[in-house]
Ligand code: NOJ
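Only one chain comes next, encoded as structure tokens, the form predicted on its own.
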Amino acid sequence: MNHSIRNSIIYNVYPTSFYDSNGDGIGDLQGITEKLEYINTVADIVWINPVFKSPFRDGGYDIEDYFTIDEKFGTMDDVKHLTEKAHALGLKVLFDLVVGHTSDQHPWFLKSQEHDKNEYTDYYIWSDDVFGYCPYDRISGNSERNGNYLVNFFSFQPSLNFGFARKTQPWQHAYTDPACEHIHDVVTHIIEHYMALGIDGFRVDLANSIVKDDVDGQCSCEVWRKIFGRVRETYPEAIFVSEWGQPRFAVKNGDFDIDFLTHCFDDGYNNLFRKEPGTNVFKSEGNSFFRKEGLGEATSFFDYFLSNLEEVKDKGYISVVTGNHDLPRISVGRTPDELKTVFAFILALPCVPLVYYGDEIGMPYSDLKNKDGGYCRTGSRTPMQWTDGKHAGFSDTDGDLYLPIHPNYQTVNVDTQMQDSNSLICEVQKLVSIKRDHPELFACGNTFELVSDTYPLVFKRTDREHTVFCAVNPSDREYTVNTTHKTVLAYCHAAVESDRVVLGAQSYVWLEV
């Protein structure tokens, strides 16, 4: 278990849209480097979405060359400068590991398409007859080779060959087949290449998708254990975060340090934040718990969260997120006060929280047409709103930006909020500072007691002789909670009395009891 990250917060940066350092209208690695001091006020780990050479038909998740930084983002020297400054500030840096598939423009795939066998023939998953039976998502008729190739997501993202949990067709490789060893070796090499440059680890895209027909994920876990074991022989502190959504598999059996709880695999997270139409990448309807109407439920979240927490407590961590590049903004339909209750809740949980860039200022979701395969996700990838000036302080270009700035940047931006002590960013920075100073609020090494999973949410975090009492009320109703306390750590719209707390609309309180 990696104890060095037990009090960490992850900050997810979409590099295209964070900060443009060279005036071309596109964010870049140097821009991220210049803003590390700001990131450090709200997080300890920076996860950066893909920056590798790519046709960018899926936001960089269609990689053409793992060992080249896309020129729009910078160079390998920029990677080194980024990690050096981050480490000087005490920040860790994660890159995105996308190895379930590549771009169909990757040289490996172009060679794999050829009729004659070569060293890349088995790098991807191919059927043995273009007209034969193939019960998987596949592309036909694009290649010289007689066969169909499997895809992981879009049509231009062919699946790398990690094999199958169970062979049912003659053209399949078992996941233990020597043919799959090449991919294990390549992935290990990619990881170690960037670790040598100072990268601290990786968020692993579609971590559960590598071995096909792997119903319970155990075969994929076996592969990840093998790869991570190799890497950790040289880099024992390497951090691996999975996009899986099932910590009981990814962390307990796959040796990942952290697994995200998001919109997939269980509806508990959605029931907290993303039930209303337009709040999820999937079609959704209903009532979220964190709404002023107070019509949602949190029981399903805690059932899933706590059962997984029990299974991973000696192995790693769970991450609960405000959002990411795949989801509409958490701000959709929420006021700043409602967002304060979201942060007060996530930052107090026994987890490694993740903040999507801009969520800490309540950046809005934009209704934009598809760009780079984002579709409905595009509107969550707009430029960071730094100031009320030109291009919201994101870029000084006189030309067009890669994506448009949301028109509310003149009021919703970092600079303006930093001048208002009651703003969302100031509230988030205050809570982060308190969290860093209180082991009771760390992700592990303490206890969690759920007192109430209705309105208001009430729970306790205890470390040795110290307890932090947390109560969160996102609704418009007023509640009274009986408690004794010694110190008020933080509160919003709450009145703290000697033996009770009165929670007003959209309120919270953290007490040291």
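Sequential numbering from 1, following the sequence displayed. Here the structure is a predicted model, which is why all the values come from computation and not from measurement.
Unshown form predicted together with ligand NOJ; subsequent notes refer to it.
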Item to check | Stretch from 457 to 465, 472 to 480, 26 to 34, 53 to 61 whose residues place a heavy atom within 4.5 Å of ligand NOJ in the predicted bound form | outcome: 53 to 61
Checklist entry - If you check in the predicted bound form, is R377 within 4.5 Å of ligand NOJ, heavy atoms only? => result yes
Checklist entry - Hey, in the predicted bound form, is F153 touching ligand NOJ, heavy atoms inside 4.5 Å? => result yes
Checklist entry - With a 4.5 Å heavy atom cut-off, would you call L206 a contact of ligand NOJ in the predicted bound form? => result yes
Checklist entry - Should R334 be counted as a contact of ligand NOJ in the predicted bound form, where contact means heavy atoms within 4.5 Å? => result no
Checklist outcome for this item: Assert contact residue (ligand NOJ, in the predicted bound form, non-hydrogen atom within 4.5 Å, options K340, R329, R381, H106) equals R381
Checklist outcome for this item: In this chain shown alone, the residue from E360, E243, D257, D200 with a heavy atom within 4.5 Å of ligand NOJ in the predicted bound form is E243
